[in-house]
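Let's start with one chain on its own, the form predicted on its own, as structure tokens.
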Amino acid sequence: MTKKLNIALVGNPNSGKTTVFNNLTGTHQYVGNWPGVTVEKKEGTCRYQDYQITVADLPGVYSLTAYSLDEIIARDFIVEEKPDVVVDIVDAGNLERNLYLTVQLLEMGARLIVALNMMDEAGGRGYRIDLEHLSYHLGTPVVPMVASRNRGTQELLGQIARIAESRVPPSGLRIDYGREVEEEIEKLEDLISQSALSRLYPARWLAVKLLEEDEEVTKKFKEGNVD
């Protein structure tokens, strides 16, 4: 029996996300627009073992803070559509910059796989990445890839299927922001637990966004999303 999965691809611009999308879906793609906006929406399908997988190629973003329409689209899709797996395409040669988005995804509670792309270029620059160490500290699978040569695609699909079968819960990565900030986060979490938004977003993540004065999250609370 065919099993259906919905996954989302997310990543920084120029991380090779579109190449990964093309490798996964081939000619089984369709293009439209995200609801209410003119931003292009790309989706496709692929098969792996018993799975029929729908793949959403989210806009390239550096973070999930609502500074741009692309960031809002990516964030809302992950929260509202709740894909079975989120694949974060990371440029192996620019870990420090790319992992900022990874941490935000983990704090949101996404069931994440890190696709560590451009491993050949990183190796050519003398970088040696301990994949097991990185996976351990992130609490999520890390798949090495060279998407430009279609390397790692089957391994990525295998990890997607494994997570889907095991129903592994999100890692729940928690960043310690220091005693003073953590005290404020805890106070906000208590209040947020009474809000309608807490049924969609992790309360801790909302608290952090409010402290960051995230315009979209603040707007949602002001519009009466509190019970």
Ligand SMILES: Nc1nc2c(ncn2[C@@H]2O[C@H](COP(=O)(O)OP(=O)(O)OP(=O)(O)O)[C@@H](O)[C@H]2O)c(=O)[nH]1
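Start at 1 and count along the sequence shown; that's the residue number. Here the rigid core means the biggest group of C-alpha atoms that line up within 1.5 Å when the two forms are laid on top of each other. Here the structure is a predicted model, which is why all the values come from computation and not from measurement.
Not pictured, yet referred to below: the form predicted in complex with the named molecule.
- Using a 4.5 angstroms limit between non-hydrogen atoms, residue 60 touches the named molecule in the predicted complex.
- By the criterion of a heavy atom within 4.5 Å, residue 209 is excluded from the residues contacting the named molecule in the predicted complex.
- By the criterion of a heavy atom within 4.5 Å, residue 191 is excluded from the residues contacting the named molecule in the predicted complex.
- At a distance threshold of 4.5 angstroms between non-hydrogen atoms, residue 68 is out of contact with the named molecule in the predicted complex.
- Here the marked residues 123, 154 and 159 all miss the named molecule in the predicted complex; none has a heavy atom within 4.5 angstroms.
- Heavy atoms within 4.5 Å of the named molecule in the predicted complex map, among the stretches 76-84, 99-107, 112-120, 131-139, onto 112-120 alone.
- Heavy atoms closer than or equal to 4.5 Å to the named molecule in the predicted complex belong, across 128-153, to the residues 145, 146, 147, 148, ordered by sequence position.
- Put the two forms on the same core and the Cα of residue 110 is off by less than 2 Å between this form and the one not shown.
- Comparing the forms between this form and the one not shown, the C-alpha position of residue 74 differs by 2 angstroms or more, with the core used for superposition.
- Closer approach of the C-alpha atoms of residue 19 and residue 31, by 3 angstroms or more, is seen in the predicted complex than in the present form.
- Between this form and the other one, the CA-CA gap for residue 38 and residue 19 narrows by 3 Å or more, being smaller in the predicted complex.
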